[in-house]
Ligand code: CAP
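Taking the form predicted alone, here's one chain by itself in structure tokens.
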């Protein structure tokens, strides 16, 4: 029999120094339930996310002491919350198995009675963990090489309303948008294969529009085709897209799950396709700043898994809830080869062989918001403008032209109002929406 002691307490080891070559470190924001001591709660999180349970055990192999999660640093925040850093040896996890990894560090712990709220702020990966993941197939350079676009953001549109058009209607709208100056046309997150717009017929129409727009413009045009479905159906749609010679697929990465994402990532590599990742459903667990998982941590996981483009929201000029400084950090952790931060809820993260991801800024944008977007996020960026193109007073072709003109003005250092005096499409857009700035 082992000695009787409070089991959760032994998972708090303040004198432990994490082995950054062989430990995964998860940074949690923790708010204890009333009546529980900090050590009781943090130790429980470390225990239940690794090798522990609620009571002492009669049979305990010696290796358990090596495999246990170790809460080595606890930082008090304002109120009743705290930051807890927990180190996990990589031997605890199966190599390259993201679903099983998340079942540990993001599993039952969120439902524990002694935890009032719990949020994963960051996850640090050592190379010894990261080496089993491929990361993006294309990365930023690969995506730019597809379009042959350098020195400016890649621009595109989701036809709005996001669902409701027939394939014939989408063909015409896609042509107008692409010939107006957009680089890509994109399905939205909930456009699958409804009766009025079957995927196969939509593919035929959009690819005809692309062929026509490419011949007229001399520019590469792309369809970000939403293949989200059952995994077997996703495979069928992916192959159809590859047969058309279209270089991208789009998937709702949170919706389809980690196992399906891993399968599609490998299949996309086989067919040499880039992956555009829509983050639909993320806010169900990232928006609450006390509970769930941060968008920052989710971005790291998705870069590791191998998407090439990922939606991160906008600075504070769009329609979605976001803080500018946080969106900037999402972009940095997706793009930089070594991410660095001085915040207590972040760790330095080298990315080794994992290529960078192109952040995608979208959600309530129009030409008058783009100076702030590019000022905050730079030009290594995908910008998606939906309503800000389709809502242009003179139609989608002029709406696309206005977006392209706005980006031309920004990259040339010319104020939008000045550029608009010589560009009617931009002038008309600014008359309707104005210029939005972050105060």
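The structure presented is a predicted model; accordingly, all values stated were derived computationally and were not measured. Numbering follows the first chain given and starts at 1.
Beyond the structure shown, there is the form predicted together with this ligand, which is absent from this document and is the topic of what follows.
Item to complete: Using the partner position in the model of the complex, report whether residue 313 sits within 4.5 Å of this ligand, counting heavy atoms only.
Response: Yes, residue 313 lies within 4.5 Å of this ligand in the model of the complex.
Worksheet item: Within a 4.5 Å heavy atom cut-off, is residue 172 in contact with this ligand in the model of the complex?
Response: Flag for residue 172 set to no.
Worksheet item: According to a 4.5 angstroms non-hydrogen atom cut-off, is residue 299 in contact with this ligand in the model of the complex?
Response: No, no contact at 4.5 Å.
Fill in: Contact flag, residue 278 vs this ligand in the model of the complex, heavy atom cut 4.5 Å
Taking the distances in the model of the complex, the answer for residue 278 is yes, it comes within 4.5 Å of this ligand.
Worksheet item: Of the options 265, 346, 119, 160, which one has a non-hydrogen atom that comes within 4.5 Å of this ligand in the model of the complex?
Response: Selected option: 160.
Discussion item. Just to be sure I understand the contacts: of 369, 226, 362, 294, which is the one whose heavy atoms reach within 4.5 angstroms of this ligand in the model of the complex?
Written reply: Among 369, 226, 362, 294, a heavy atom within 4.5 Å of this ligand in the model of the complex occurs only for 362.
Fill in: Stretch from 106-114, 164-172, 120-128, 278-286 whose residues place a heavy atom within 4.5 Å of this ligand in the model of the complex
Comparing against this ligand in the model of the complex, the contact stretch is 278-286.
Worksheet item: Who in 383-399 is close to this ligand in the model of the complex, meaning a heavy atom within 4.5 Å?
Response: Read in sequence order, the residues that approach this ligand (within 4.5 Å, in the model of the complex) are 384, 385, 386, 387.
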